[in-house]
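First, one chain by itself in structure tokens, the form predicted alone.
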């Protein structure tokens, strides 16, 4: 059912999980909070990779999906005092339905046109939440005082990591099935997939719905972690840029790559903050990203694969002699 190498990869997931579970035992609260943010960026990157990394349909409107999930739970909790165990599942469901209704026509177009349509939806959402019923949505200021799922840095870390790890492992296993292979084939040659008798529209719709589910869940949890929601924070270009770069730098289409990219970018920005507190650090962030991408276009995931294979081959040579 699964592709070759799954057992080896699964071992890597277990090592990663154990290391991350032990992190709060040795790290400060400030460091733990940085990793909480990294976990959420990783969730958003996984969501983008399920759709764009596999099918090749590059989406510039992913914050649109994240925003639907975030605003749904925010409005329900802020105005109706509904409990989180109802609002978060409702946010996921609304994201899947609304996102599908908006994006379904766009799945029939490809390339630059699809990217522009998704970007237009993000900008449309950005404008609507500011001018339509601002007394309900909070307008440009957004909504504050939203309840938290759990309290404390360590509790939020374990919650965000548990969700990220579960989603990441599930999606990694999915792409190693025949269904995942079919989705990846769309990105390489959609006409060939269609010629094989597969319904590419249904495959793309499945990928988008799955991507929307993850984005909605991540968005809902993220705004309850922050305790507030504002259109500028969710629909800012830098937020979209972070998600895209995390995927491309880490290695799109691999699931593990975007997770690596999310952690790398988050830690890099926080490492630079004490030395370059202003926006100038984004320049260094961009240069470092560009250099890494030039060195290895297939991302950090491929660099790690090459390094591990080099050590294993060297070990096997020494053992044979």
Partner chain sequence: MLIQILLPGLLLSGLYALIAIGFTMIFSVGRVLNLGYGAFIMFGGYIYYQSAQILGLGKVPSFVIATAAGVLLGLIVYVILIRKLKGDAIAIEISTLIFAIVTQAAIIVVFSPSPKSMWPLIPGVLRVGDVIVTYNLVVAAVTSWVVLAALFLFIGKTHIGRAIRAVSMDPKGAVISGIDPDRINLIIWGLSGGLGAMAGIFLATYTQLAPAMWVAPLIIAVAVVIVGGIGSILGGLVAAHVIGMLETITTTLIAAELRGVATMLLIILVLIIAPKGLFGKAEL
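If you're wondering where the values come from, they're calculated on a predicted model, not measured in any experiment. Residue numbers count along the first chain shown, from 1.
Keep in mind that the form predicted in complex with the partner chain is not shown, yet the notes after this line are about it.
J.: Can you confirm whether 27, 153 and 172, the three residues that make up this candidate site, all sit within 4.5 Å of the partner chain in the predicted bound form, judged by heavy atoms?
T.: Not one of the three qualifies.
J.: Heavy atoms within 4.5 Å of the partner chain in the predicted bound form: does residue 108 have any?
T.: Judged by the heavy-atom cut-off of 4.5 Å, residue 108 is in contact with the partner chain in the predicted bound form.
J.: Although the partner chain is absent from this view, report whether residue 136 comes within 4.5 Å of it in the predicted bound form, heavy atoms only.
T.: Looking in the predicted bound form, residue contacts with the partner chain do not include residue 136, since no heavy atom lies within 4.5 Å.
J.: Would residue 58 count as touching the partner chain in the predicted bound form under a 4.5 Å heavy atom rule?
T.: Residue-level check for residue 58: yes, a contact with the partner chain.
J.: Please run the contact check for residue 127 against the partner chain in the predicted bound form: heavy atoms, 4.5 angstroms, yes or no?
T.: Answer yes; at least one heavy atom of residue 127 falls within 4.5 Å of the partner chain in the predicted bound form.
J.: For the chain seen here without its partner, which of 76 to 84, 155 to 163, 90 to 98, 117 to 125 has a heavy atom within 4.5 Å of the partner chain in the predicted bound form?
T.: Contact criterion met by 117 to 125 only.
J.: Within 4.5 Å of the partner chain in the predicted bound form, counting any non-hydrogen atom, which residues from 231 to 260 show up?
T.: Stretch hits, in order: 237, 240, 241, 244, 245, 248.
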